[in-house]
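A lone chain, given as structure tokens: the form predicted on its own.
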């Protein structure tokens, strides 16, 4: 649209415009999808199109062409007084400076409206104002921003919005001196089992119920957010005293641990909570969240289903953990690990029938580190898979040099069954590299392996069995589903947990358990082995209970690979002497 089209009385050569041309021009202007009007230096309205009536909701008898600008703008029922003043000021400034003016205004006189206004001078000393209704666009943009900052499943704020709200609370704490916020990180316990056994739709329904319970425990000033998966967070702002915050965290654990009815299923889960409280004029968002995460880790390490308040000592433990992680990664790269071997004795024939491979880590500065310390850490940080593959390889290579009637037992972490194809490939490669038949390898697994994805794990166990590899259930009797697991897969051996072997005041009960396990194994065609035998008295009880194979300090501590041949020779020599 050229400037000349806005001059209704003259054509481009300054000649009077014919009425037909004027009518055509007005028709064109009225057909535009934006509202426009012209005014002169005296702020008097000269022309307005029909679309402007729609944009500003003007009635038929509202002020129009020929009226002064203020009366004209004020006749719009949707423009609040502040918006009217903004428009008048912009028009007045355009007259004074004869420069283009751009502005956006909002008004909530009759709902919320947004307008984009452009005011530009024309060559004939008049001014053109165009008004575009941006309400639908701004509402859509606001909705998109809101949706981008909300969790689509639960409708709760997501991590981004949560951070914004925490930062705002911290700013109020710093500028106004009000009490600072507290941040809670909430992790659901056993949620993965719900997804695995009942499906993701049920899991989604459970998450929605959890979010409702959390919201029901919050004040209006508090915020619940979902970070993703089964992790939630709470902003308590302003935070009350420490005791009240701790009581709220304990209540969250209690309420979230109560049963849920989801899609006809009665579901039980738990929760762990980590809490960080801001000191007056204190922390940043990053520090608060990290502190709450450390407190959550502390709660989980104490058995889950509890809450923990951040303490400065947790920073020290976190630093030590990071150092341990770094040392563990370095140890794997530099091969600081070694294998020791503990013999397994057949009591009837008094012969060594196998060895269990036990991992050892000799730290260059800290010395020998207990497997109870580094194995769980390796599982947490994902190093147990490559570490387990190294153990398999080294154990098979060592056993390939022993007499062919002696087997090697290797513990397999539940984490290694996360990728069953990789585990099976690792076993096949270890056997091939050692040129050893699968029948001489025995893999020890705990029953928790079968609680992951039972069908997938059972398929992997059958594939291992097809390779000739034997499978033993380790720590039998310590879980809650041992008997059912024995029927799900034909194990070659049951390993009685050392807790049933130790001398206790209730020895009669322990003896009964040993006899029952030995009889059960015999009826199912599975060998039984007792570990942790340390005294002649324990050996007598084991023998009397019907257990055929034993291992423990009574016979030998775990020994390095270079001592295995000598042990086999000495044991055979002693056997011949006894005979």
Partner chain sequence: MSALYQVLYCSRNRMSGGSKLVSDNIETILAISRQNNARDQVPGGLIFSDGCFAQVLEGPMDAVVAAFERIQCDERHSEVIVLRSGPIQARSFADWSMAFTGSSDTTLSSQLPISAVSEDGDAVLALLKSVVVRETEWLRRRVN
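Residue numbers count along the first chain shown, from 1. Between two forms, the rigid core is defined as the largest C-alpha subset superposing within 1.5 Å. Treat the numbers as computed from the prediction; the structure is a model and nothing was measured.
This next part talks about the form predicted together with its partner chain, which is not shown.
In short, of 442-450, 461-469, 246-254, 343-351 it is 246-254 that has heavy atoms within 4.5 Å of its partner chain in the model of the complex.
Contact annotation for residue 263: at least one heavy atom lies within 4.5 Å of its partner chain in the model of the complex.
Contact check for residue 366: every heavy atom lies farther than 4.5 Å from its partner chain in the model of the complex. Proximity of residue 498 to its partner chain in the model of the complex: non-hydrogen atoms within 4.5 Å are absent; the residue sits far from the partner. In the model of the complex, residue 279 stays away from its partner chain, with no heavy atom inside 4.5 Å.
Taking 258, 335, 456, 219 one by one, only a single residue has any non-hydrogen atom within 4.5 Å of its partner chain in the model of the complex, and it is 258. Checking 213, 192, 321, 360 for any heavy atom within 4.5 Å of its partner chain in the model of the complex turns up a single hit: 213. Relative to the superposed core, residue 396 undergoes a C-alpha shift smaller than 2 Å between the shown form and the other one. With a cut-off of 2 Å and the rigid core superposed, residue 269 has a Cα displacement that reaches or exceeds the cut-off between the shown form and the other one.
Once the rigid core is used as the reference frame, the Cα position of residue 258 differs between the shown form and the other one by 2 Å or more.
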